[in-house]
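Considered here are two forms of the same protein chain, supplied as structure tokens in two stand-alone entries, structure 1 and structure 2.
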Structure 1
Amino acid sequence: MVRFWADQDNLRIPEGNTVKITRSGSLAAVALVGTLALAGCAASSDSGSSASPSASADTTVPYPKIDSSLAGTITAGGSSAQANAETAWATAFKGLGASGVTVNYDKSLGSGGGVTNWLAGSDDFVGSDAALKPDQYTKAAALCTTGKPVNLPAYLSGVALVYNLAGVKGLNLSTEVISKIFTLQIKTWNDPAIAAINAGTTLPATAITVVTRSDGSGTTANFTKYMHDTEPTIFTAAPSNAWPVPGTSGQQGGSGVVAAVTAGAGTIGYADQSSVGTLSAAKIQVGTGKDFVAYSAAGATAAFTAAATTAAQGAGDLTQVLDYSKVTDKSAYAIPLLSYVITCTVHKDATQGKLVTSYLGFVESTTGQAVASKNAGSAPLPDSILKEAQTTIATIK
């Protein structure tokens, strides 16, 4: 059973190529004129197998050659933030030669549910907006038998603060105001603290309804860490994937948050930027000055570069620790969101190992990142991270 469906009708591929997807998620047509152009480069075909294109020599971090004889189903799930990117990756992967491979990605699980399923042995990999916790990593070591669990950064985006306030566009929010809103200390939209950073904007006396995630969520983990890093005396709760402050409107999944904010006047919530849709998203203060910055892919990359350090939990692992207090330059977006693919370096079934190796090798390439950027608005990961990920992927079996 395919649990993976497209959230959009057209998959956009750089250089004007379009992959058409039906709403049921099946590939309807692939627009290929000559050689498929991806990420601004032509993907060349190996002379021994015209159906197995290899990455272009112009690609900075190429994906491994795709074996057209691969066939089977990859079962995965987790992060709703990754959902649009997973749709694009799976469809492009098929179009590049893996026509016999189906990727079933269940976005309804959220990061917490995805990790739980994977640790129970249900999935080949999990998408998560937070790396495995130390106790989860220890449990995963038993799941991976003779191999190792690995957290591989795969998707870089931003946490957007979406709001529904009639007549108010371009809202500025400081780190202090954000933390006070989400700890329920600021309760109306015309509060003097909000008015002070939105000169010239008429703010209504509408009550603020704070919408949060009710499920285990890596997006929650990132957002709570952002507030704890930047305003520790206001947001005193420990960062967590479970919303730690009672009294908010909890919703299942990022789509649930977006739906609740859309439906309710005076609401504010948080979600991956790719899920914003027609909602307004606030500009976020960067540093302690008067710079308020909207999300952009370039801003997410700048923030990741400033905030991230590698804290490997084992061989081949690429767990990153983000210190949001280090994001201070106005070229950066204040709340970057890093999402991982988590898997074992040794799978119980060698065939599944080959499928996972090939698919994740595409995801962790310049081409794969360009596909996600084009279709989900994400920021391509730095080449240094992609190269390290490819080194780890090469060991998967």
Structure 2
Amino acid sequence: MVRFWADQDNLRIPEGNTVKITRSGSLAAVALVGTLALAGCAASSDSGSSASPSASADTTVPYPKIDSSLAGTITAGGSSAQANAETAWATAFKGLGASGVTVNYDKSLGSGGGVTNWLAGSDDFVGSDAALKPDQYTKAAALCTTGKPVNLPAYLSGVALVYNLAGVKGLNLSTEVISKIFTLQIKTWNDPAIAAINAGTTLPATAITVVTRSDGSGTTANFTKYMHDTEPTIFTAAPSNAWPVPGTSGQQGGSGVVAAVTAGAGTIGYADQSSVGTLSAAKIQVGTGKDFVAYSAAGATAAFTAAATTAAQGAGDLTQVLDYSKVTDKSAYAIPLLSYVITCTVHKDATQGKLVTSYLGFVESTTGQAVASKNAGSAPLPDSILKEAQTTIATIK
């Protein structure tokens, strides 16, 4: 029974099979979880492949049982945003029983390079800050032969707006002001538009230095899309992974942005919230009211739940479309950052298929999300999307 799912051609995961063991989240608990997993498995041998939804499966999404006899190397690469999470997942995955599996995730490629490599057939899966575009999906379909390419949301975080302005803490920003600052229409910090939403804060007349990414970046893609969708008349440039507005201070990497914002005076920039460090991050307006919300993991999850709808490009695909106008509740953080894992449902090598199924199954579980949250500062994806992902992953071979 321990090798139950790996031996079957039909890899449906019996839900509820490992329910007891998936509540604990931290990496520290991983070893314990591992032992429980085996015990739980042996105890519930009667559940078979009925996939009956059990009561506690409503709040957690378990990962498919990890076969300790699995051995091999998963080659992957892509998005640097999810690199820390990939490291945490790979470590936890080993700790949970797949001690023979090595995951080599190459973040130096970036999302674009990762997809290019994967389309050339050299990687098992790719981490990408954007889902496959239609033309890429067509190419990928050819790569996947009898299977389908699938985009699976795996990593959720937020784009933080960091600033360095002497004496100002807890800055409030609205989508309109953000778009005007980042298109260089608002040039000084004491602009009436900023003052209007920051009553009680004394804003200096310092000139605003806008700090952006000089390298192509998924963070830029998410952030420009947010501004273009919410304020299309102000931020007219098309969303892009390269910063589209000339006249800003461009820095390499999220850490480069953070370093430049820290060093400058009157600077503002954007970065994945996990790289913000000690800088002040602005509170961002949600909805049309006076709700200004600071980043929190729960806020990013709430925003994703409200805004995301699945726009499948093919069977099993979970490409998400974010409608920012639906993020109106004050429990939500306005600028979520979503990153995918992309793979084929049929792998050329059946062993690789099993490795990928098992690993991604872990990534797309409540435990996997908790591991990333704890170790990489990401926000957990909602259970509903994890369940859909598990359904897709069960078909991967």
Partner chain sequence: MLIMVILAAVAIFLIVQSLPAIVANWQTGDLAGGTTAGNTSFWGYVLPLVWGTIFVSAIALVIGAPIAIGIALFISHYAPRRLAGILGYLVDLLAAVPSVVFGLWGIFVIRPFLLPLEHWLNANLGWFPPFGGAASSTGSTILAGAVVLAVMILPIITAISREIFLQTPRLHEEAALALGATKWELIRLAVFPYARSGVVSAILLGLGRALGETMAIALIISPSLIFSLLVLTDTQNSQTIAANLALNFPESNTLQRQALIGTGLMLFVISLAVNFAARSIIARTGPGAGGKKRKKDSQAKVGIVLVPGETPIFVADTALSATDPGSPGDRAVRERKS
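Numbers follow structure 1, counted from its first residue as 1. Every value quoted in this text rests on a predicted model; they were computed, and no experiment measured them. Basically, rigid core = biggest C-alpha set you can superpose within 1.5 Å across the two forms.
**Structure number, where the criterion is the form predicted alone** = The chain shown first - structure 1 - is the form that fits the description.
**Asked** Core-aligned, is the CA shift for Lys148 between structure 1 and structure 2 2 angstroms or more?
**Response** No, the C-alpha position differs by under 2 Å between structure 1 and structure 2.
**Asked** Rigid core fitted, then: does Trp189 show a CA shift of 2 angstroms or greater between structure 1 and structure 2?
**Response** Trp189: C-alpha displaced by 2 Å or more between structure 1 and structure 2.
**Core-superposed C-alpha of Ser275 shifting 2 Å or more between structure 1 and structure 2** = Yes, the C-alpha position differs by at least 2 Å between structure 1 and structure 2.
**Prompt:** Quick one: CA shift at Asp329 between structure 1 and structure 2, core fit, Å?
**Reply:** So the C-alpha of Asp329 has moved 2.9 Å between structure 1 and structure 2.
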